[in-house]
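Only one chain is given next, in structure tokens, and it is the form predicted on its own.
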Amino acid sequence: MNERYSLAMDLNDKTVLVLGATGALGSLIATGLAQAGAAVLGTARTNDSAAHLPASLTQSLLLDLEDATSVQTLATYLAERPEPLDAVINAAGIVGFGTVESTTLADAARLMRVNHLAPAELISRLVPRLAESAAADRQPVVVGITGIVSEQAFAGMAAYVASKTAHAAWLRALALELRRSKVRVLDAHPGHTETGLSSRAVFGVAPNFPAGMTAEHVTQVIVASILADETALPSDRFVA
């Protein structure tokens, strides 16, 4: 991606953590922020999937959001890492499909763990590092991508909608808590995007979605908003 962005937030000498940097959105966001001058740390779930991390990363890290020990290990490493941490961008996630009646508690809990509870735990553990960044006037930011499902519900996706809506609500509360310390929180709500995620559902079968937005377009909107110091990115902002 060769897009260049006008900077309100200066990313030169800033360190950014991108969760899910092997995914379609995560890899493009990591590349875009690296092009804007950031040192980007990107996570992969396994050593095998790390082969799909973008070459622009400053450091590759492992994070399995379904493994509590993995989350705690990465949180401890980043908390003790001497270099600053200026941004955490959550581009990780999983999806499942099914009616309320057909979705098992275990499947719903899996979505809630990966899409909300685990990233929330990691981010909360990193708040002191972000507060250090703010105290040094380095313009820290937390970014979530909860999608249009955090604005409206869809049939056959109740568990997924619940997990993303929970994380969106958590990000709103986090923004209020961190406002005084000048840590910005941005939640992006793109509509259906052609990332291939729906074809990798952890349960159920995806409906026949209409053609979605390109990952490149969604990435450009998100990265531009990060650099423009924005605090809201509703679904209508992604409409071309």
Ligand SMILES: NC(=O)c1ccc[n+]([C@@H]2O[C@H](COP(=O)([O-])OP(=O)(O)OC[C@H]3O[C@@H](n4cnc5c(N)ncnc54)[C@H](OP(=O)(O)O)[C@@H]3O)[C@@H](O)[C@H]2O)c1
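Just count from 1 along the sequence shown to find any residue number. Since we're looking at a predicted model, the values are computed, not measured.
One more form of this protein should be noted, the form predicted together with the named molecule, which is absent from this view; the next part is about it.
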Practice problem: Assess the spot marked by 17, 116 and 181: is the named molecule within 4.5 Å of a heavy atom from every one of these residues in the model of the complex? | Solution: no
Self-check item: Residue contact check: residue 93 to the named molecule in the model of the complex, 4.5 Å heavy atom
Solution: yes
Self-check item: Contact label in the model of the complex: residue 25 to the named molecule, heavy atom within 4.5 Å
Solution: yes
Practice problem: Tell me, yes or no, whether residue 195 is in contact with the named molecule in the model of the complex, where a contact means a heavy atom of each within 4.5 Å. | Solution: yes
Quiz item: Is there a non-hydrogen atom of residue 89 within 4.5 angstroms of a non-hydrogen atom of the named molecule in the model of the complex?
Solution: no
Quiz item: Among 128-136, 96-104, 77-85, 144-152, which stretch has residues whose heavy atoms lie within 4.5 Å of the named molecule in the model of the complex?
Solution: 144-152
Quiz item: Which residue among 38, 65, 41, 185 has a heavy atom within 4.5 angstroms of the named molecule in the model of the complex?
Solution: 65
Exercise. Let me know which residues along 37-58 have a heavy atom within 4.5 Å of the named molecule in the model of the complex, or say none if there are none.
Key: 44, 45, 46, 49
